[in-house]
Ligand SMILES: NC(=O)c1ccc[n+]([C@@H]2O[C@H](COP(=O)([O-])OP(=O)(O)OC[C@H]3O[C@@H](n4cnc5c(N)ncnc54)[C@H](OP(=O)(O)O)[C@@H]3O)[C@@H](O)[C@H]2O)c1
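Next up is one chain by itself, shown in structure tokens, the form predicted on its own.
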Amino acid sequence: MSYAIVGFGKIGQALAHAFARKNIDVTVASRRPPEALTPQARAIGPTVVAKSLRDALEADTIILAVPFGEHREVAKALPSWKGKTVIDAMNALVPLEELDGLPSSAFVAKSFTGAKFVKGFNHLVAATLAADPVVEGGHRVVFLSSDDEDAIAPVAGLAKQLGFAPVKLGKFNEGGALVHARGRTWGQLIFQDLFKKKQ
């Protein structure tokens, strides 16, 4: 399984730290050319490699960490997203009417035709996401939701590999609504700095 993070701002870099901590190879890309990202990528760790957007999108699993308004540009970079898993780590702080009445991830998923689409890694602030998720003998939680039940399992597997405790919330408009930013409001579970105690 190969991984890429598209977007290399605070959240993209925080996710890159999570991959580097576990020595998992990950490609990073943004609107900037790869050579502009390389110094930051190298500083994070040797498993983090900056590439062009086109090259990054060859990965099996792509984490979207771009500003919400830029997701359509990323979607246009491939003619088909069939066979790809896309993880939406964005928060949509846009007027509700711009989302056609849909949860933000259901709205974004329409642009990524054929992809397995999962909401995840969006509810923690960058500093928390970048830090070691093993805390006081427990693991920080990552909430996952998708309208494709089969899509959640491999993303839950990735979350575990990265040291997080995945919690499945069901479909976007069900439990997933708890982690969706809508308009000027945050989902009830966003910023919940939770972790599970070991039994």
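Bear in mind the structure is a predicted one, so any value in this text is a computation, not a measurement. A residue's number is simply how far along the shown sequence it sits, counting from 1.
Heads up, the form predicted together with the ligand isn't pictured, but that's what we're talking about next.
With the ligand left out of view, the stretch that reaches within 4.5 Å of it through heavy atoms in the predicted bound form is, among 136-144, 157-165, 27-35, 42-50, 27-35. This chain lacks the partner; the member of E174, E70, D148, D55 within 4.5 angstroms of the ligand in the predicted bound form by a non-hydrogen atom is E70. In the predicted bound form, none of the heavy atoms of V108 sits within 4.5 Å of a heavy atom of the ligand. V6 belongs to the set of residues with a heavy atom inside 4.5 Å of the ligand in the predicted bound form. At a distance threshold of 4.5 angstroms between non-hydrogen atoms, N122 is in contact with the ligand in the predicted bound form. Of the heavy atoms in L102, none are within 4.5 Å of the ligand in the predicted bound form. Residues E73, V74, A89 of 72-89 are found to place at least one heavy atom within 4.5 Å of the ligand in the predicted bound form.
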